[in-house]
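Just one chain follows, in the form predicted on its own, and it is written as structure tokens.
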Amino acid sequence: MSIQVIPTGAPVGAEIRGVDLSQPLGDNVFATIERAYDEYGVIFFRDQAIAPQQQVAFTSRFGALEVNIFSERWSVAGCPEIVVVSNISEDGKPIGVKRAGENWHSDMCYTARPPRGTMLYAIEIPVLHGMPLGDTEFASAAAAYDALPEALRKKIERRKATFDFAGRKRAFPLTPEEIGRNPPVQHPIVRTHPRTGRKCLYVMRDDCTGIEGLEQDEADILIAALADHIVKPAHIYRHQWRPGDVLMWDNCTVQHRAIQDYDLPLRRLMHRTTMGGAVPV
């Protein structure tokens, strides 16, 4: 079967068919996948069966793998690049990060070089009476930028926001050492995608704690307004997971959040990898 790219019909997202990620990919096939990734911001492959080493190998074709605070706590044995995302406990201890990503965000925006993207491989999905739970929503920050009034575009075009690692409430308490390793950074409110040149909004609640050149009250109001604008229904694709899904998103043009509508005994287990990125411009 030849490779097919099937858009979701939302502002982001496309399904890739005709690819077995457990097998080596030729350069032409990978180039088609990467073009779809750049264009649609979110791509996914159904019915995959991949080993941890295969996920690491595929992710690394998009960029050097990142090891972050999650992998330092919950990683796959022998593959420190893979973070376990799960609500499962063994011997009274969680095997992975639980209840992560409940609020809209872009991964590791608090770093000087936020990652290019993130990949999730779905192993177990919670199902209640035949209904899959634990969806993930993705919002197009590029479509949100396109929909801004021209006057507001001009107001924010060259401004930078401060991103603070300690600004967001996380799924686990941060240590002083982790906070010290991640001092506040500044990134443009309007980012330009490094490969496509497309502009997008790069603003989130909690992670953004101020805007260069604005008083705090005015900055807070603008951050909230832009963050709410990004996640309007018209900009969103909602992914309903199936076991065997491999999904990846672009952290420049897309924001996401996990829907926490399940709990034990309904189990969820995913493997996450993150690819390195560049300084935002």
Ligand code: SIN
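What you are looking at is a predicted structure, and each value in this text was computed from that prediction instead of being measured. All residue numbers are counted from 1 along the displayed sequence.
There is also a form predicted in complex with the named molecule; it is not shown, and the following applies to it.
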Seminar exercise, completed: Given 54-62, 39-47, 212-220, 248-256, the stretch touching the named molecule in the predicted complex at heavy atoms within 4.5 Å is 248-256
Exercise. So, in the predicted complex, is residue 100 in contact with the named molecule at a 4.5 angstroms heavy atom limit?
Worked result: yes
Exercise. Taking heavy atoms only, is residue 76 within 4.5 angstroms of the named molecule in the predicted complex?
Worked result: no
Problem set entry | Close approach of residue 136 to the named molecule in the predicted complex, 4.5 Å, heavy atom | yes
For this session: Using the partner position in the predicted complex, report whether residue 268 sits within 4.5 Å of the named molecule, counting heavy atoms only.
Result: yes
Seminar exercise, completed: Students should find that, of 85, 109, 189, 208, the residue having a non-hydrogen atom no more than 4.5 angstroms from the named molecule in the predicted complex is 85
Exercise. In the predicted complex, which of the listed residues (204, 120, 161, 144) lies with a heavy atom within 4.5 Å of the named molecule?
Worked result: 120
